[in-house]
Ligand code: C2E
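Before any questions on how it binds or moves, here is one chain, the form predicted on its own, in structure tokens.
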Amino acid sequence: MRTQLTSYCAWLFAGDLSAFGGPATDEAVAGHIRAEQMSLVLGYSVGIMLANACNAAVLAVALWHSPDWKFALAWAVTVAGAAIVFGLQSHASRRVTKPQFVSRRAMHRLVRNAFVLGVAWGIVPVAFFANAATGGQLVITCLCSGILAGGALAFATIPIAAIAFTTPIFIGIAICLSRDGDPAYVLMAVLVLVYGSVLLRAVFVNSFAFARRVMRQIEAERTVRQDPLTQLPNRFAFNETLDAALKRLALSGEEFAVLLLDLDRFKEVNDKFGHPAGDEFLVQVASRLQRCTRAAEHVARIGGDEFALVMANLARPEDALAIAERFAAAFAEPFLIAGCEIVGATSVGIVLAPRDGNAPLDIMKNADAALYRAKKAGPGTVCFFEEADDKASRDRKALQADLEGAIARDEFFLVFQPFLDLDDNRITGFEALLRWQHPSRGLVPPSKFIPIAEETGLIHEIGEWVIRRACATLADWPEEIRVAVNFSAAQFHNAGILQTIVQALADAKVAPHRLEIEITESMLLSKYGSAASILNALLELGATVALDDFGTGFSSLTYLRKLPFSRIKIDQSFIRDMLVQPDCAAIVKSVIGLARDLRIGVVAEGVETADQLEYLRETQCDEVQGYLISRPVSAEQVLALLDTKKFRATYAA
């Protein structure tokens, strides 16, 4: 019972209008209403406090010849001084950007201050009216009436504050008038009651109308500032919050942090379970993230799977780190979606203002750079921005800009690494490997530019160029030679990839069985849903499909049973160690045996020594590839390599 009473009082003195029959709201909306109420009070406060100081001075002058003049002077100095100090504080507060949310505690302080000021004026009729001259009594009456009216105006949107301010004054007047049985005083008391009831009635009517107006405004703004799926603030609202934080930084030096989040497995969920499941995943993520923040702060969804938070009034960088770690920990439990448990993860980049920037563009650019480093470190990683991130980000964006025109400038070329058939001791095909000869950077490794191409979507244009160039080159080779082309996960997300392959084969007049598509197990993990139909279509077309880096994924046997692979390639990590580590040798033997039983060809990658070649020959591996056979060669060198009799003799049994 006591707890309920305490809760009710906290709710009442926070200015909640439903306590007086006004519209009911949740805490988020109530916080916005309190912010608007506080803003109006601060708008009036400078004038009201100035009036209080002037009124106190007038009272001191009016009572100068009263027996209570010393007490009146002390009272006037105290009230005038407090009014001036409070007015200056209010003026300073108005210069700071208006907050979007005001806590109950802040409203409690406002009600308390209103009550203290009301008590100060309630003392006046009790302490000074009886001993004052007629003129002094008239001044006291006018001042109390004016103060009541001014207080009602100042707190016109906050009934509890208006009551807290006016009640002590009404009580003081009642005590004053009750001391004398003069009928005139009784009439004055009646007039005061009528006057007060009219004022309070006006306060209630105005405050209810004000609250409903703010609620309609909030609802209207939500359509502009709220993400319709997650109900979180959108990018527009986030930008407003960031601008407000920057204004407070400039005016009062209030530091803040920006946390940028990216979901690490969102695309997998979308591709494997469909977009409705992806939407539900985002909704559940949004709910968990919002529970990690402070009461007055809101995570915003600023992109497809990107979220951001502005942490205002940051005391220590550790506070931002604590929230970021809570974000990462929120993904510890799997998400239940469409009857399936989905494991999610997020990476977080943090920037601190003004240390890492004092302009929106700089802050978001640096946050993105910190997030990029966090993502590279692995799911669940949190990284603060560092100066090195900025350099890496600039280099990456410069590389991206150069990559966009690389095809037009004819900077890409292909090299080809052969496959050696161990039964016939002949070359049966080549793997096409993409290279980028940058005019100033030199030879840029694929490991550096392919991830950028995948992230930006340039991989589709580059991939189409590789297919067309590989097929055109293949047209000049003997009929029994094939070419293998690597495909990335992003390319399989492109619905037009099949048509691109068909067109490239037709333009080059190359038989489909001479083209081999290489995909990795990691690609299947993220694109299994769309890959199956495309791979089956390629099989029907007559092309062959190879599973690259076999053994490094998680569900290889499932893929071998369900998808139409013509060949599997044993990852070079197993080949490199198979002569020194028995477990690697066992894996290599098992894979070769499994492939034979499934009537799938098998290729060993990374063969670099004669002993490795001999071991693979003994275990009946079909084909090998590696530096021992040949390093990648240009298209012009392929025909020469095929014609070299010495090559055939070197690798004969």
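Remember, it's a predicted structure, so these values are computed and weren't measured experimentally. Sequential numbering from 1, following the sequence displayed.
Below: the form predicted in complex with the ligand, not depicted.
S.K.: Within 4.5 Å of the ligand in the predicted complex, do we find a heavy atom from each of E605, E608 and P632?
M.R.: Every residue of the candidate spot has a heavy atom within 4.5 Å of the ligand in the predicted complex.
S.K.: Tell me which of 369 to 377, 256 to 264, 235 to 243, 434 to 442 has residues with heavy atoms within 4.5 angstroms of the ligand in the predicted complex?
M.R.: Result for this chain: 434 to 442.
S.K.: Whether F487 contacts the ligand in the predicted complex should be assessed with a 4.5 Å heavy atom distance threshold; does it?
M.R.: It does: once the ligand is placed as it appears in the predicted complex, F487 has a heavy atom within 4.5 Å of it.
S.K.: With the partner left out here, check for me: in the predicted complex, does some heavy atom of S287 sit within 4.5 Å of the ligand?
M.R.: Output for S287 is no: heavy atoms all beyond 4.5 Å of the ligand.
S.K.: Any of the heavy atoms of P317 lying within 4.5 Å of the ligand in the predicted complex?
M.R.: No, P317 sits far enough from the ligand in the predicted complex that none of its heavy atoms falls within 4.5 Å.
S.K.: Heavy atom to heavy atom, is Q491 within 4.5 Å of the ligand in the predicted complex?
M.R.: Yes, Q491 lies within 4.5 Å of the ligand in the predicted complex.
S.K.: Under a 4.5 angstroms heavy atom criterion, identify the one residue in N313, Q581, Q231, Q572 near the ligand in the predicted complex.
M.R.: Checked against the cut-off, the match is Q572.
S.K.: Would you mind picking the one in D305, E297, D421, D549 that has a heavy atom within 4.5 Å of the ligand in the predicted complex?
M.R.: The residue from D305, E297, D421, D549 that makes the contact is D549.
S.K.: Hey, which residues along 469 to 484 are within 4.5 angstroms of the ligand in the predicted complex, non-hydrogen atoms only?
M.R.: Going through 469 to 484 in order - heavy atoms within 4.5 Å of the ligand in the predicted complex - there are no hits.
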